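This document opens with one chain alone, in C-alpha cells, the form predicted alone.
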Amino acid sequence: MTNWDAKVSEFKKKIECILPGKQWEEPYDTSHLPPKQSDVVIVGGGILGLSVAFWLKKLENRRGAIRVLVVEQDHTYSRASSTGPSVGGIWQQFSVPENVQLSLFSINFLRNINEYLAVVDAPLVDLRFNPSGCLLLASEKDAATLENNVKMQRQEGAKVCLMSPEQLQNKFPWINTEGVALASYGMEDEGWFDAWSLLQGLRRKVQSMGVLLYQGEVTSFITSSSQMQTPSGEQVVLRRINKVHVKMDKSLEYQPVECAAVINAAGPWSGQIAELAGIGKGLPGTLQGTKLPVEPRKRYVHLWHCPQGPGLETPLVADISGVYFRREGLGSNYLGGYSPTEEEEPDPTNLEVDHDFFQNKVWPHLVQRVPSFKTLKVQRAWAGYYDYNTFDQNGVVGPHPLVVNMYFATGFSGRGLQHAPGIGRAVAEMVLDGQFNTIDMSPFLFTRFYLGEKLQEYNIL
C-alpha cells in the first residue's frame, strides 16, 4: 500500500464513523503511544541512558539522522541511588586505568556543562560543583596498593598526592590518624556535584535534540536467529532484536517498536532485561549460558548535623572501614554512607531505611575517624539501588557477542553517575562506528564474564 493509499484509507474510516446509521465511534487515538519504529531504543532513562541518547544525537552525521526512543519506568527516579539522594562524588583515584580516563573525560564535560547541555531560551545548568577534593585512607595492609594506584593515576594525568599520617594530621587536624598508614588526596578536579541537576539538564537537552522519552516498561523482545560455527567448532546461535514491546505506564496497552539497536541501561534491573533477550539461557559454562551478573543492591545515604564537625575545606573522605562522608552546604550538615561487606548487605527487596544500620555500622567508624562527630544528630536517611556487578564491581559496556544488537551501559556499582558522560560517548561510538574511539573500553566488554577474566576495581564507595 502506498503512503497515499494509507492516508485515503484512514480518511475513509473517519468519514464512515460519522455517517448516518453508523454507530458513533471515536477514532482510536494512538498519540500517547511510542512510535512504531525507532533506530535505537534505550531501556532506562536515568543518567546513563540519557547520556547515551545525548551522544548518539551529538555524534550523528546530520541532524535528525537517528531516531532515538528512551523508555523509563520511574519518571520520579525514586529508586535510583545515583540520582536524587546521592553523594554525587567525582574522583580519579581508581585502580583501573580506564576508570581514571573516564573520570578525566567526565570532569571536563561537567566543568563545561553548558557548552554541551545549554538549550536556547532555557536557564543554564548549574551543577553546584564543589572542588574540595577526595581523600582516601589506607591501612598498612593496603598502603602498597594505594601507592601503586597513585603512580598509575599520575601517569594517566590525574593530580593526586600521597600523604603520610603526619601530613594528614597537619592538613586536616580533625582526623584521628590511628590505623592509617597512607592517604591519597586529589588536588584538582575532584569533589562533588548535584546529580539531580545533571539528570534534568540531560533530559531537557535530549528532548530539544529530538529524542522521545516515554514512561513505560519493556516487557519482551521479538528476535530472529541464525546459526554460526566458532573457530573452535562450537555451534552458536546469533540473535538480533527486531522489535521491543513497550507496556505503557498504568495501562494494559503496549506498543511494539521496530528497531535496529537496543541499549540496556536499565541499571539495577539490567540483568532482567538481558534475560528477556535470552541472555544467560543456555547451558552453564557456555557463552549462551553466561548471565549478565548485575543485580539491585540497596544503599543508604544519611544526612546528619554536627556544629562541631570538620570545616568548609573538608574533602569527600573514604575511610579504611568503608565509611565515607562529605559536607552538604554551609550549615554544618554532612552526607555519608557505608560500603557493606557481602555479609552485611541490606535486604534489597524494599527501600525501607533500617535506622539501626547507621547506629551499628556507620556511627562507630565515623566517630573513630572524626572524634567531633560524637555529637552528631541524624536528620534524614533514604535508600536507593546500585546496579551492582557481582562478578568484579566494574561496568559492562558495548555489544553482547550473541545478541548482536543489544549494547550494555550498566553494572558500574555506584560509579555510573560520575562516569556517565564518558560511558555514554563510548556506547554511542560503538553503535555508530563499531569501535571505541575516545577511550578504549574493551576491558569492559561482556565476554570477560564467559572467560572468567575479572577487571577488579578496589576503590568503590
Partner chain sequence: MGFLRLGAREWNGRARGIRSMSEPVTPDSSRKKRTLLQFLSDYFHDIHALREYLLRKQILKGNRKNRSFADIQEKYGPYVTGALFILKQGGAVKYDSCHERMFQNKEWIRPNEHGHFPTEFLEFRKVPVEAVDASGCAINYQGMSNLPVPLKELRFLSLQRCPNVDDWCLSRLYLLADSLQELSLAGCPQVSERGLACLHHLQSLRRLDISDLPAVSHPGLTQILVEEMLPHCEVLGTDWAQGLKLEPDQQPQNTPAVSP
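On a predicted model such as this, the values are computed, not experimentally measured, just so you know. Positions refer to the first chain, counted from 1.
Another form, the form predicted together with its partner chain, is not on view; read the next lines as being about it.
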Discussion item. Under a 4.5 Å heavy atom criterion, is Arg369 part of the interface with its partner chain in the model of the complex?
Written reply: no
Discussion item. Can you tell me whether Asn130 touches its partner chain? I mean in the model of the complex, with a 4.5 angstroms heavy atom cut-off.
Written reply: yes
Worksheet item: Hey, in the model of the complex, is Gly285 touching its partner chain, heavy atoms inside 4.5 Å?
Response: no
Worksheet item: Heavy atom to heavy atom, is Met248 within 4.5 Å of its partner chain in the model of the complex?
Response: no
Practice prompt. Identify whether its partner chain in the model of the complex is within 4.5 Å of every residue in the set Asp74, Arg297 and Ser321, based on non-hydrogen atoms.
Written response: no
Discussion item. Can you work out which of Lys361, Arg239, Arg203, Arg327 has a heavy atom no more than 4.5 Å from its partner chain in the model of the complex?
Written reply: Arg327
Worksheet, complete the sentence: Heavy atom within 4.5 Å of its partner chain in the model of the complex, from candidates Thr375, Asn114, Gln227, Ser139, belongs to Asn114
Response to the item:
With a 4.5 Å heavy atom cut-off to its partner chain in the model of the complex, the contacting stretch among 97-105, 306-314, 268-276, 211-219 is 306-314
Worksheet item: Out of 91-124, which residues reach within 4.5 Å of its partner chain in the model of the complex, heavy atoms considered?
Response: Ile107, Leu110, Arg111, Asn114, Glu115, Ala118, Val119, Val120, Asp121, Ala122, Pro123, Leu124
